[in-house]
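The C-alpha cells that follow cover one protein chain in two forms, given apart as structure 1 and structure 2.
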Structure 1
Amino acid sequence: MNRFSLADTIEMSTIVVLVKQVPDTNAKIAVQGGRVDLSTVKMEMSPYDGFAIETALRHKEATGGTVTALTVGAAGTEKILKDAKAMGVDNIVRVWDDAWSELDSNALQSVLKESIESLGAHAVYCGKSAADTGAGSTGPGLAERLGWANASNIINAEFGDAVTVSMPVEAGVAKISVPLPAVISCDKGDFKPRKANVKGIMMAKKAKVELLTANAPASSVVVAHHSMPAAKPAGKTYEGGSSASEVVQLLRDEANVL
C-alpha cells in the first residue's frame, strides 16, 4: 500500500465532510451463512451524506477555505469520493490500513479523530446517520473525542464566525448558534444537494484520491451473526357491510388505531 505525506499531497483544509459507502437502499438483501451477502449489491454514498456535502460547500462559499471529503474504507470506497468530487469538493481522502477488518463505532471514531486533526479542520459535516446501520453515533461521538461543539439533525445553516443551524425541536424549528470548531450532522434539509455537471464528472475521473492511515484501537464489538427479520403474517381481506363490526374490532384490539 502506498502512503503519501499529508504535507506534500493536500492543501490544508478547514472544512471536512464525512462520507460512507453503503448498499443501495433499494437493493434486495440476502443472508448467506449467517452473513449479509453484498457480492451482487450495488454500493452508493449514504443518502444523508449528500446533504452534508451541500452544507459544507455552502459553508465554503460563504466564508472561504477548502472542503475535503473523507471516508474510511478499502479501495472500493473511492467511487463515492469521486462522486463527492464531482459535486464540487476540493480534496478527496481515503483512510485505511489493510490490517483492519471491521471497525466498531469506537475504533471508527478514533480513526476519524486522528485523521481530522491531521487535516487541520475547524468544521466537520456528516449525514445524521448511515443508511446501513442507522446508528447516528458518528457525529456526536466524534465531537466528544475532539472536544468540539456538536449539533445534530440540522436542516439548514448560516455561516460566519459561528454556524447558525436550524434543527427540529418538539415545538417546531429552533435556530441555534454553534461555535467553531464543531461537528454538525445533517438531515434532509430545506434544500436539495447540488447535482454534478459534466465538467465536475470529468474532473472527478482524473482526481487523485489521497491515502492516509491512522491508529485504530481494537474493536470491542463484533457482529456474530446476521439474519433476516421474521416474515410478516398474511393480511386479512373483508368484503361487504356485514364485516364492518369485525373490522372495527380488529382495528381497535389488534391494530390499536381506534
Structure 2
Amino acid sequence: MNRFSLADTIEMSTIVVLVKQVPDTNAKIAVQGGRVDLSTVKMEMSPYDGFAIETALRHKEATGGTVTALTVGAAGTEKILKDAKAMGVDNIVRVWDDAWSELDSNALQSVLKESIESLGAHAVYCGKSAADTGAGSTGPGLAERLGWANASNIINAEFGDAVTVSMPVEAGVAKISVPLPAVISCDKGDFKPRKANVKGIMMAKKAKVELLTANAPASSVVVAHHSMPAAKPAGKTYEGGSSASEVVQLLRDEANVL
C-alpha cells in the first residue's frame, strides 16, 4: 500500500480568469484625428468578465484551488485587477512589456499562452467577448494554442473532473462535458457576479499586483484608423397611434421591407 496522503495525490486546481479594461459601455465615443479619443472616458472591466470571475470562483468553491485574475495591459489597467480581487480572487497578475503597443490577436494569444503555462493553470475562464472589439476570438483562439478543449458563450456550469457547461447551439441549449484543462468563455447566464464586500475592498487595496512578461511575435494586423459610423438622414415623425397604418404602408412602398 502506498503511503502518500490524499492531499499529495489530488492536484489543487489552478484557475485563471482573463479580464480586460474597456471604455464604460454607457459612454459616448468620439474620434479625433483618425483615432478614438478615450481621454475623457471612464474605463472599467468589460462586463462579461464579471460573469467569468463569478464562474471561476464557483469552480474553486466546488473543487478547491486558487483563482488568479490576469490582464494584459499597461500600469493603468491595474484598477480592474483590484476590482477582481475585491470580488474574491486570490491572486492578481498583469502581463506587460513597455515595448508593446497594439498587439494583434496572434501576438496577444501568444502572450496569454506563455503566461497561462507559466502559471500552471488547469482551467481558464474569460468573458464571451470584450466590450471594445466584441470579437470573441480570445477564448477559442487561446484554447487552440494550448491544445485544450473549449466551450464558448456558456450560461451555466457544473464542476467536477470535467466541467459540464450549458451553451446555446442551433437547436436550443446543449449540455456539454468539457474535459480539463479547458478555456471557457462566459455569457451573461445563471451566475450573477457577486458584489464586493467591505472586507474584499479593503483586501484589494493592499493586494500586490504580480508582474509578468512574455514574448510577443510582431503584429501583422495593424490599426490604420478609426472613424465614426455614417450619420443617418433624419427620418419622418408622426403623432398619434393612428399613424401606424401610414407607417406600415411606407414600410412596404418606400422601404420595401415588408
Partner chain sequence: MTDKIVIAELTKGTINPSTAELVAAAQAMGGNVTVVVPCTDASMANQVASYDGVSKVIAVKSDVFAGNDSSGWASALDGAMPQGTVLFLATSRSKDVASRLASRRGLSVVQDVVSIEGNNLTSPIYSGKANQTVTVNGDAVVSVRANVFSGVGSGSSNDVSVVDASGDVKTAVQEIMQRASARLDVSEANIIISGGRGMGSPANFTHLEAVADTIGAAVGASRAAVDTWEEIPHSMQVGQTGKTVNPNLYIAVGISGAIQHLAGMRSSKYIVAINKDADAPIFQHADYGIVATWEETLPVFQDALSNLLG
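Throughout, residue numbering runs from 1 along the sequence of structure 1. Predicted model, so just to flag it, every value in this text is computed and none were measured. We call the rigid core whatever largest set of C-alpha positions still superposes within 1.5 Å between the two forms.
Taken from the form predicted together with the partner chain, structure 2 is distinct in origin from structure 1.
With the core held fixed, Thr25 shows a CA shift below 2 Å between structures 1 and 2. Per-residue C-alpha deviation between structures 1 and 2, core superposed: Gly240, 7.4 Å.
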